[in-house]
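So this first bit is one chain, no partners, the form predicted on its own, shown in structure tokens.
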């Protein structure tokens, strides 16, 4: 969904604020496997997935680890760069043709200063991000590969066909061989 109608569904903005936000949004479509955001970047942009599927990943020493997936109406942002002025360690890759609305965090923050609803929305995004991160840590530390696989199936069932098995295994913290066994058991 386009970011402006999405924000309207969240009852966040007056028509004036929506107009201001739309002035700062630019859109780009990324081809499958194209980097939306490279690893080790200094971006200060917010990336809103309007259509398609992407993954957030780390890459080091020729090893690639999928952290999580971004579906339609989800936002990715390089927290290290935006809030700590440090190089962000992760990148974002399109897994399908993906349309992204991009807005500089600086513009978003300035618009939020005078809009309590937008501030509340931003705060909720951060809380959701923290919740997802803690759930992810819990799953990796305390749940079996079968439980992690079943959880992923329930969260991303409609997208499973678009996610390469290597990325699924990486996300689950298992080998592709273990993933194959889990899939065969179903």
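This is a predicted model, so every value here is computed, not measured. Numbering follows the first chain given and starts at 1.
Absent from the display: the form predicted in complex with a further copy of the same chain. The rest refers to it.
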If we define contact as a non-hydrogen atom of the residue within 4.5 angstroms of the partner, is residue 136 a contact of a further copy of the same chain in the model of the complex?
yes
Verify the contact flag for residue 141: yes if a non-hydrogen atom of it lies within 4.5 Å of a non-hydrogen atom of a further copy of the same chain in the model of the complex, no if not.
yes
a further copy of the same chain contact in the model of the complex: residue 130, any heavy atom under 4.5 Å:
yes
Could you confirm whether residue 86 comes within 4.5 Å of a further copy of the same chain in the model of the complex, counting heavy atoms only?
yes
Which of these residues, 29, 151, 124, 51, gets a heavy atom within 4.5 Å of a further copy of the same chain in the model of the complex?
124
Given a 4.5 Å cut-off on heavy atoms, tell me which of 56-64, 43-51, 30-38, 152-160 is the interface stretch with a further copy of the same chain in the model of the complex.
56-64
